[in-house]
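Presented as C-alpha cells, the chain that follows is alone, the form predicted alone.
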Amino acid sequence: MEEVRISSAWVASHSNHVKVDSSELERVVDNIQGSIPKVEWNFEGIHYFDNGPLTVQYLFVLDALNFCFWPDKDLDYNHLASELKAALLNDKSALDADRLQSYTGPQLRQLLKWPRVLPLEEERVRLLHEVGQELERSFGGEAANLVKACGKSAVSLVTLVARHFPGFRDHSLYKGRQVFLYKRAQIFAADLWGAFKGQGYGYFYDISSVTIFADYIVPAVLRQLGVLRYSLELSSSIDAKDEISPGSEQEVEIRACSIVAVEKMRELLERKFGKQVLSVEIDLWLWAMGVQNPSLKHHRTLSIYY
C-alpha cells in the first residue's frame, strides 16, 4: 500500500482544486480527544456471516459490486449487502463461480430485488462474470482460496486481487504520474478483517498497511469537517450536483487528498495522544457519520471503482 500512500501524497502536493487543512485536522483530532468513536463493522446487521468460506465468497462478490449507487437515489450499499445476504440465505449456491458467470442484467436485478435497471448495470454484470471466471480458473471457484494464497498479508491480498481481477485495478493518471487508489481491493481485506474480527480468514499481520477507501462519502465528510478545502469551481460543481469526469484532476485530487488527510490524522493521533489507530477504523467512523447524514453533498462520478 506504499504505492497508494506515495502516489496520493504526490497528488496532494501538486493539487489545484483540493487542499488538506492541517489546522482543521488538528481541531478535529482535539475535539474527539484522541479517541476515534468505535464503529462495529456490521453495525446494522446487514451482512451475511457464517464464519466460513461462504462468507468470504459473499464479501468478494459484494465488493465486486460495491460502486456507484448515487444515480439511483433509492439505491444504496445497505440494499446491496442485505439483498445479497437474503439471496444466500435462500440459496447457498447463488454466488457460486459458475452462477456468477451466467447472470444477466435482469437476473442480477431479480437477485437484488431491484425493480429497474441498476446504475452501470452492464459493468456490474461484466464484473460478476470476471469474478466467476477467474475464481474458477485460478482458485478452484472459491474466494476463500484467494485469501489463503495471500499468506495472511493484506498487502499480498490486494496485490493478488488487482493482478487477477482487472475490474479491481483502481489506477488513475494525474499530471503524467500514475496514481494507485485500490478502493475495492483494499475494502475486501478490510471487510474480511471486520467480519471475522481479525481472526481466521480475517487475520492479516499487516492490516495497518491498508489505507482508507476513497469513495464518495468519506471525502464529503472530510469536506464537511473542514479538513478538505475545495476550490470555488469544484465546490460549485459538487453543490450543483454536476458530474465530474472519472480520471479528471478534480476527481483524482478528491480521492487522493482524502487518503492523505486520514494518514495525517493517524500520525497526529499517535503523536499527540499516543493512540495507534488503523485507517480502517477511521474510515468506518467517517463513513458511518456520512451515511447517517442525508443532506451530505458528495461529488458525482460514474466509476466502477467506488
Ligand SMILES: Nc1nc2c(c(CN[C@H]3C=C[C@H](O)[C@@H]3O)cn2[C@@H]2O[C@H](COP(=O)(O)O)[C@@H](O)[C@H]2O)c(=O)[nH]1
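Computed from a prediction, not measured in an experiment: that's the story for all the values here. Just count from 1 along the sequence shown to find any residue number.
Separately, the form predicted in complex with the named molecule exists; it is not shown, and the next lines address it.
Contact annotation for Val218: at least one heavy atom lies within 4.5 Å of the named molecule in the model of the complex. The named molecule is not shown here, but in the model of the complex it comes within 4.5 Å of a heavy atom of Trp41.
Contact between Phe49 and the named molecule in the model of the complex is not found at the 4.5 Å heavy atom cutoff.
Remark: Ile207 does not count among the residues lining the named molecule in the model of the complex, judged by a heavy atom distance of 4.5 Å or less. Only one of 157-165, 84-92, 185-193, 103-111 places residue heavy atoms within 4.5 angstroms of the named molecule in the model of the complex, namely 185-193. Looking at 282-305, the residues that come within 4.5 Å of the named molecule in the model of the complex, counting any heavy atom, are Asp283, Leu284, Trp287, Val291.
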